[in-house]
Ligand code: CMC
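Next up: just one chain, as structure tokens, the form predicted on its own.
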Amino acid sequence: MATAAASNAPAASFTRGLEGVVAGETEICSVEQGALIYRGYEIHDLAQHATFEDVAFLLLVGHRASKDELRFFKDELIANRALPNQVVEYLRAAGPMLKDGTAVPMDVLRTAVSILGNMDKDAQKIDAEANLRKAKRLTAKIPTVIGHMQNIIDGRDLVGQETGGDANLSHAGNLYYMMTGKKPSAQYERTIDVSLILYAEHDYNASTFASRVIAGTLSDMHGAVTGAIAALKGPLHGGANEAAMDMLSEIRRDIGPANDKAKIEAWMHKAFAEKRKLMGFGHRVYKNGDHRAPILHGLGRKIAEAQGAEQVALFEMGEIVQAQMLREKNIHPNVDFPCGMTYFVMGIPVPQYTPIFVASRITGWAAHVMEQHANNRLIRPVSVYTGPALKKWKDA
């Protein structure tokens, strides 16, 4: 019940989860039923013809790079890959917490970004030039954090500690190399590259909106990105790719190694009856399917086919699940569903799926932080009060 003072305020519309509410304007991305567009370029076009470095420059700088601009941008990223010793020491200290489950990789990555902010000479500046420098450094260093973290979990020597990897590898290829110590095949490198393109930006999603809320207070780039990582961790957002793979692994354990369609459908019916939240399906905006999902599904299935029947069986199981969700619930898969399967057949550890999402989305977050700082207004919505009626303290 509203108080007397509040009753004179103009009525505000209310939608749970802000669904359908227009919360701002952006030149960065348009999420539409028929297209996903980054600064005027459609996602299928980018996935087929661009590289992640192309897309990162487009999002951060605001236009398609010339050949010279792209060459210089790539050189900047390579030059900034290595981590300060203090961050490496923190990652080593976090090793036992990662191994016993006290912390998960997203927690450690969040803290590493915060430490990087403490050490960045531009940390407290929010002008456009300083923000762009910080955005490039974060884009370069986050894959190195992920790689070193996985090396520590695996008990191996750190790959490329002095250099942040191999300067001859692309951003995507170096990410794979840093995690595994193996140079990726051209197929693996391109698949990771496309996955980074697909995940790079998605307008006012939960983590991006969180970053803009933080930036709207005139807080700094590292602070906004740290908050965005915390938002992305949740299974209803970035963590859905991990949860989708966990679900498929659970189905496999329950039904056995063979893809018995009847058993898979029975498992799904039981999940429906229990009203389980099946991760990797549905989207707040897309009602007719996520444009990104078929792109990644096709690339992942080609990798599976090159590896043999066991890996193909994973995709076939996923396809049975997808078909049943669409047939019985009219719900399409989102990009997280094929992402889980694709990274799995590439041998990428499941807990690193969402950190890899960060290695991509850092470009979108940083672009939004810069846009918010350039034309700022504090983001402060109102709420609908549903608490007790007005009381007198002395009467209690």
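Predicted model only: the values in this text are computed from it and were never measured. Note that residue numbering follows the sequence shown and begins at 1.
Separately, the form predicted in complex with carboxymethyl coenzyme *A exists; it is not shown, and the next lines address it.
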{"item": "Proximity to carboxymethyl coenzyme *A in the model of the complex (heavy atom, within 4.5 Å), stretch among 142 to 150, 82 to 90, 172 to 180, 285 to 293", "value": "285 to 293"}
{"item": "Contact check for 41, 59 and 64 against carboxymethyl coenzyme *A in the model of the complex, heavy atom at 4.5 Å", "value": "no"}
{"item": "Contact label in the model of the complex: residue 331 to carboxymethyl coenzyme *A, heavy atom within 4.5 Å", "value": "yes"}
{"item": "Partner proximity in the model of the complex: residue 105 to carboxymethyl coenzyme *A, non-hydrogen atom cutoff 4.5 Å", "value": "no"}
{"item": "Residue contact check: residue 255 to carboxymethyl coenzyme *A in the model of the complex, 4.5 Å heavy atom", "value": "no"}
{"item": "4.5 angstroms heavy atom contact with carboxymethyl coenzyme *A in the model of the complex for residue 320", "value": "no"}
{"item": "Residue (of 264, 325, 314, 158) lying close to carboxymethyl coenzyme *A in the model of the complex, criterion heavy atoms within 4.5 Å", "value": "325"}
{"item": "Among the candidates 188, 73, 204, 281, the residue which, in the model of the complex, approaches carboxymethyl coenzyme *A to within 4.5 Å (heavy atoms)", "value": "281"}
{"item": "Within 4.5 Å of carboxymethyl coenzyme *A in the model of the complex: residues from 145 to 178 (heavy atom criterion)", "value": "none"}
